[in-house]
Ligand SMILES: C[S@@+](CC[C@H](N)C(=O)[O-])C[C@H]1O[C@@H](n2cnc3c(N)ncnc32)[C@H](O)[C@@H]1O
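Before any questions on how it binds or moves, here is one chain, the form predicted on its own, in structure tokens.
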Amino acid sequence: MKSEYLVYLVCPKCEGGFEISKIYDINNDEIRSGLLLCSRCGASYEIIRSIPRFVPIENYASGFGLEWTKHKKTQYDTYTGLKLSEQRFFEETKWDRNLQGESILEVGSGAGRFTEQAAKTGAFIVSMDYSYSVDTNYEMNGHNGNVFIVQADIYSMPFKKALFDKLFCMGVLQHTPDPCKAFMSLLPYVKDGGSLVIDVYKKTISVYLAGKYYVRPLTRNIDPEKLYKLTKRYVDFMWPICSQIRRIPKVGRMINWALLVADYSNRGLKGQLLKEWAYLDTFDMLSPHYDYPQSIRAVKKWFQKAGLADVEVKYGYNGIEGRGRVVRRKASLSSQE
């Protein structure tokens, strides 16, 4: 990280400011290893591999860290030759492609497929994840002068309040212990009038028929490295069968998903690329510690409770997507005084 990025950070315990108390390794102005010290409560946090760490590197989300380490490029448009990430990012957010001079907070980056798209707007991107996938994101996007990557907890984020013009949280909320609480924790970091965009898995009758919810209580406790090897073996074994099932009109892909083989053949993926996505998302089905899909009614209640304006909640790419504008912060603060 660069020392100039301290303007975005506060202590997650007391909201005090930080100073860089120790530097162990630095290259030009990039601090590769060092120590952040809170000037108010004295809490300290390490900078490891150029990334400030406000949580243990290994945690309940380590399965995500593993999958994004092994599949660092799999979902990048520059790798697939398709515009899947670009299309999803801009169609979900509805943001302009030129956001020069603005700041964006990304909560839950994974390997950084959407970090890349956000950075292309010219805005300054602060990108956060709970897992060690931040290392992959740094490898892929850390070279950009408008990207700052942090490892932290969604429930206790180390950022100044009301600082960001925009915030997006895609593919994350369903994998937190309490999705509603996680959603509400996003609001304080957006400026008055700023934009907030989220998505979450949808909860429908078909969810109860999905095999992953019956298998995962067994698989989520398996060591991620071992589970990934088992997943690859399973996909390899099933691949010839699923390739034939895929040909069944209308229902072929659905059957493959029910058989716990992720099938993205409807997105233009073919050959080895299609199989890579199958490895990735089959593991993604089996490994998460938490997976709480939501009804569209519940998500609408979140936005209503948050008092957001210009709300749009609908079924979308990842299940349910929601957009809104943060308002009435001053009124709410004055009512608390």
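Model, not experiment: these values are computed from the prediction. Numbers for residues come from their place in the sequence shown, where the first is 1.
The form predicted together with the ligand is left out here; the points below concern that form.
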### Summary
Of the candidate stretches 104-112, 227-235, 187-195, 255-263, the one with residues having heavy atoms within 4.5 Å of the ligand in the model of the complex is 104-112
### Query
Does the ligand get within 4.5 angstroms of any non-hydrogen atom of residue 130 in the model of the complex?
yes
### Message
I'd like to check something about residue 153: if you look in the model of the complex, is any of its heavy atoms closer than or equal to 4.5 Å to a heavy atom of the ligand?
### Response
yes
### Query
Would residue 171 count as a contact of the ligand in the model of the complex, using a 4.5 angstroms cut-off between non-hydrogen atoms?
yes
#### Entry: the ligand contact at residue 278 in the model of the complex, heavy atom, 4.5 Å
no
### Message
Looking at 299, 36, 51, 61 here, can you tell me which has any non-hydrogen atom within 4.5 angstroms of the ligand in the model of the complex?
### Response
61
### Task
Would you kindly say which of 93, 219, 141, 75 lies with a heavy atom within 4.5 Å of the ligand in the model of the complex?
75
